[in-house]
Structure formats: C-alpha cells, structure tokens
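Two forms, one protein chain; structure tokens for each follow separately as structure 1 and structure 2.
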Structure 1
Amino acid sequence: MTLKVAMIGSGAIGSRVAELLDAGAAPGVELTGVVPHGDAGTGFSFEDALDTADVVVECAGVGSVAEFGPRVVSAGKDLLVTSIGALCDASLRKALLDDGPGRTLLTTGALGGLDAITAACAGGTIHRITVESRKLPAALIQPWMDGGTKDRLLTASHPVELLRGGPAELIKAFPKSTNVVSALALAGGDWGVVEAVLIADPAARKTSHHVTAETSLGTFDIRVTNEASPNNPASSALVPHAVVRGLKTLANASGSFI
C-alpha cells in the first residue's frame, strides 16, 4: 500500500524532501502536494493535504506546527514534525502527542544518538544531558537583534556564547537553530534535564553539536558535524534525508531500527 504524504514548507528542507520523494528515494511513498506559504497559490491547500495524505510533513518552522499540527492529528492523520522546538509549549505538546487520533512523529533531524537516549530513558534514568551547538555567526542573526548586536556578531574574531539555558529559552530566541535541544528533551523524557549552549563561531565552517548524556545505562558522548544545506547555509543537509528515511520506515516496516 502506498503511503501518501503532503508537505507544509518548501524551503531548504521541504524542497529537498520533495525532490527526493519525486526521485523515488522512498519506495512506497507518494507526495500528494505541498501547501504554499500565504498567497503563493499552487492549487494545493491545507484542506487538500488533509484530504489526500496519510502523513503531513511540517518543514515550515515552529509557528506552523501550532498553526497546522492540532488540525492534522484531530483529523486522524499523522504529523511528521521537523520544528520540534514547537513542542516546548505544554498545551501544544499535549494536543500533538496525547490527544490523537492521529500520531505526531518526530524526525531525528540534524542529530544522531537519539536512539540510545530514548532506550536509556525507557530502561533507566537520565541524569543530565548537555549540548553545545556551534554555528557560523551569519546563520544566527535574528530579527530581534539590534544593529549593534548584529555588527558585533558578524565582526567577531573568536567564538561568542549567545545563550545558555533549557529548550524553551533556546527555541524562543533562535527558533530555526535549536530544534535539536527540544529533540534531546523529548528523547530524555524530561524538559528539565537538558542544558544547552549556543555559540556563534567565526571559525565554524559547519554546524556542530556536541551532546553528552549521562544516564544510569551509560554515558553517551555524541559529536555531529553537519554539512550545510546547499540552499540555506543555516540549515543542515542531513535533515531532508532524516525526514525521507523516517517516511521510508513508515511505508516499509523492515523490522530494523538501524
């Protein structure tokens, strides 16, 4: 049986997912359409997505998860989320994870090692998770920054610590760049267990995440250095492939989790 997929968002991640699906990268998965942003009419609406798809894939940002997500799951469709930071909001989290009848699925996105953390969470205790993320300063400029802050960031000659805190603080200030922090909190089953630091590093040619998870079943030291997306230097080239891999697993249950 074919798994029908619609997408919200056709930026760096969404357009690559669409390309991969159209090229047959996930046998048994068919793209029914992409919901455009605002007035960019393509003749495919959110209602069409609900009518045609088994799974709606969000690749449009944290705001779009709140805008569309509850309507997807309440219509009995599955929602595959890339903007995982949206789940920092407790009422949205409940609507998406608990209320159904559709399921909310989370991509592994730009990170590795989430499988070990979820296994440790299921069978043991997560003591502490730390994550240090480094990105090029230009990829971390935000609309709320004043001119002086932007200039200091863009002309910095050494690493600048931008923010230290938990998932909610990070996603509020850097919504496109800190979804991995929320992914770690969900994998660890505890929103209070993750301590994150975001660093603007002029020497960082690639985005990197260094995760240390201390658990009763082991300590996991995970370093991921991501190639940038060719279409958006602030986004990781790995993410669309993580989304497609997830869809492939849904469509063709292989019995393997690797």
Structure 2
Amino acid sequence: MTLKVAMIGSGAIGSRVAELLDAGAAPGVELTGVVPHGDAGTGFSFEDALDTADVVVECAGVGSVAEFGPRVVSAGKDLLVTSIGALCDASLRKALLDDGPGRTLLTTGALGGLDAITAACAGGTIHRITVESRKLPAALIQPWMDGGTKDRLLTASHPVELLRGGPAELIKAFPKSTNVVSALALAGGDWGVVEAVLIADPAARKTSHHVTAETSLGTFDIRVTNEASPNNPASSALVPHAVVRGLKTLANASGSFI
C-alpha cells in the first residue's frame, strides 16, 4: 500500500524533503502536493492536502503547527511535526497529542538519543535532563534586544550565556530555538525536568547540542554537531533526511529502528 503524503511549507526543509521524495528516497511514499507557506490560496491548498494525503508533514514553523495541526488530527489524518517547539503550548499539545482522532508524530530532527531517553522514561525515572546549545551570535539576535545588546553580542570575542531555564523561558525569549528542548521534554515525559542552556559562541561555526540525561536506568551523554542547511543557516541539513526516514518507516517498517 502506498503512503500518501502532503506537506505544509516549501522552505529549506520542505523543498529538500520534496526533492528527496521525488527522487524515490522513501519507497512506498507518494508526495501528493505541497501547501506553500501560509497556504497562499493558489495551487495546492490545505484542503487539497486533507483530501489527498494519509500524512500531512509540517515544515513551516511553529505558527503553522498551531494554525493547521489541530485541523489535521481532527480530520482523522496523521500529522508529522518538524517544529516541535510549538508543543511548548500546553493547550496545543493537548489538541495534538490527546484529542485525535488523527495521530501526531514527531521527527527526531537534528538530535540523537531520544529513543534511549523515551525508553528510560517508560521503564524508570528521569531525574534530570540538561541541554547546552551553542550557535553563532548572529543566529540568536532577537527582536526584543536593544541596539546595544545586539552590538555586544555580535562583537563578542568569547562565548556568552544568554539563557538558562526551562522550555517556558526559552520559548518566550528565543522561540526559534525551542525544538531540541521540547523534543527532550516530550521524550522524558516531563516539561519540568529539562533545563536549557543557550550560548552564543563566536567560534561555533556549526550548531551543537550537548545533552546529559540522568535516569534510574543509566546516564546518557549525547553530543551532536550539525551541518547547516545550504539554503537556511538557521536550519540543520539533517532535518529533511530525518523526515524522509520517518515517512519511510511509516510506509514500510520492516528492518527499521522504531
């Protein structure tokens, strides 16, 4: 049976996923169409996606998860989310994970070790998870920063710790840097157990994440350094491949890690 897939978003992630699917990277998966950013109302629409697809893949940012996600699952379709940071919102999280009848699936994105943390949560206790993320200062400039703050950040010659706190603090101050911490909170089954440390590092030519998970079934130390997307330096080049791997597993799980 062919798994029919539609996508929301045609940016750096969505366009690459479409390219990979068209090239046959996921046998058994058929791309029915791509809804442009913001559902432009021309060409392939969100309604077309619901009509033609078994799975709708979100590749358009946290706003699109809130706008389209509940409508996907309420229509009985499966939703694959790349912008996991959207699930920091408790009401949206409930709508997507609990209300159904469709399922919400989460891509591993640019992070490893989520399977081990999820297993430890299922079979034991998660004591503490910390994630230290390092990015170039320019990638962490925010609209709320004043001119002096921006200048100090861009001219820094050494690493600067910008935030230390949980998902709620992170999404308020750095909303585009929430995917990793949200994924860890979901894997650990507790939004209060995760602490994020966000560092602007002028030497960080690649985005890196250092995760330490302390559990009753072991301690996991995970380090990931990601190549940037050639079309969007703020996005990991790994994410589209994670999406395609997930779709391939849904279409044909034989021989796959699940």
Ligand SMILES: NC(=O)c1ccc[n+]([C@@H]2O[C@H](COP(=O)([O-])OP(=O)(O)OC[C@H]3O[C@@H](n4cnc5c(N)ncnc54)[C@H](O)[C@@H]3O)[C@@H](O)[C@H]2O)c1
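Note that the coordinates shown come from a computational prediction; the quantities given were computed from them, not determined experimentally. Each form is matched to the other, and the largest set of C-alpha atoms that superpose within 1.5 Å is called the rigid core. For numbering, take structure 1's sequence and count from 1.
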{"item": "Index of the chain form predicted alone, chosen from the pair", "value": "2"}
{"item": "T149 C-alpha shift between the two structures of 2 Å or more, rigid core reference", "value": "yes"}
